[in-house]
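Quick heads-up: it's one chain on its own, the form predicted alone, in structure tokens.
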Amino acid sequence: MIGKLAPWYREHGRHALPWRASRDRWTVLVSEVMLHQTQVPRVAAVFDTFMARFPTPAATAAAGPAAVITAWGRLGYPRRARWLWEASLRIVQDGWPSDLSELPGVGRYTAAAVAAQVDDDDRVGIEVNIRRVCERVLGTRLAESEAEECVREIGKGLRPRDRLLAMMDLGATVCTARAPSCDRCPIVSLCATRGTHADETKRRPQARYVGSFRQRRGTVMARLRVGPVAAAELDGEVLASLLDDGLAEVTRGRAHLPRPPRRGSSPGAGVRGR
């Protein structure tokens, strides 16, 4: 497997993505949080504007949760914006932890991905695109440790940062879930399932969005981004979920985006009423 991925990545990797040139820890963390559950083109369209407003943990913490949630806009899953603000507050107060998974909303993959991109750390992050490539190459479902070993083998000759990004790009642009382009794959000769895998999305139909609870949450969030609104006017079930997630507060009967916590209080929970 040595050497087949590196030249492909040099020529076909997504090097122009706005966060790819940075080795700044905060910039890379923001990009990874945004990319979780959101398509790359949607993130690319707003990334520079978001980073211009929140370029550092200190600027993000000072802006407050409402500003970050508002700027998050339609990226979806706004809990990520809340977690990002909470992470900035933690970093400002205590510094960067040695293990980034200690930060709110940062899991094993994100911690490994940031370490690889910023520090060339040899930890391997396994996300959906990378897992798909490895499982197709080996022709079987893989445990996390097995997928990590597969990445190390396929990515021989690449430094950890480029190995991560090359595997991710291969899965996102060539070895896709729908209609993979085996004729363009640099490691097709190594793949146990080349030309045989069915359209995986047919086995996992996407949940209907129109009329869903997710759409209802988005509607209420859009109203709160404009400004406070009487809680009684909102979808009560949705408002309760936003309060639980720390994405809204209610003050004297009016719902609004969360405000910075008073000194000494915890930033973790929404306020149901004062």
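Fair warning: this is a prediction, and the values are worked out from it, not measured in the lab. Position 1 is the first residue in the sequence shown; the rest follow in order. Between two forms, the rigid core is defined as the largest C-alpha subset superposing within 1.5 Å.
A second form of this protein, the form predicted together with the DNA, is not displayed here; the remarks below concern that form.
Though the partner is left out of this view, Gly218 does reach within 4.5 Å of the DNA in the predicted complex, counting heavy atoms only. Though the partner is left out of this view, Arg20 does reach within 4.5 Å of the DNA in the predicted complex, counting heavy atoms only. Among heavy atoms of Arg14, some come within 4.5 Å of the DNA in the predicted complex.
Although the partner is absent here, Gly157 is not a contact residue: none of its heavy atoms lies within 4.5 angstroms of the DNA in the predicted complex. Residue Leu103 is the only one of Ala116, Leu103, Ala147, Leu89 with a heavy atom lying within 4.5 Å of the DNA in the predicted complex.
Of the stretches 121-129, 149-157, 89-97, 182-190, only 121-129 has residues with a heavy atom within 4.5 Å of the DNA in the predicted complex. Contact residues in stretch 36-62 (any heavy atom within 4.5 Å of the DNA, taken in the predicted complex) are His36, Gln37, Thr38, Gln39, Val40, Arg42. After superposition on the rigid core, the Cα of Arg42 moves by less than 2 Å between this form and the one not shown.
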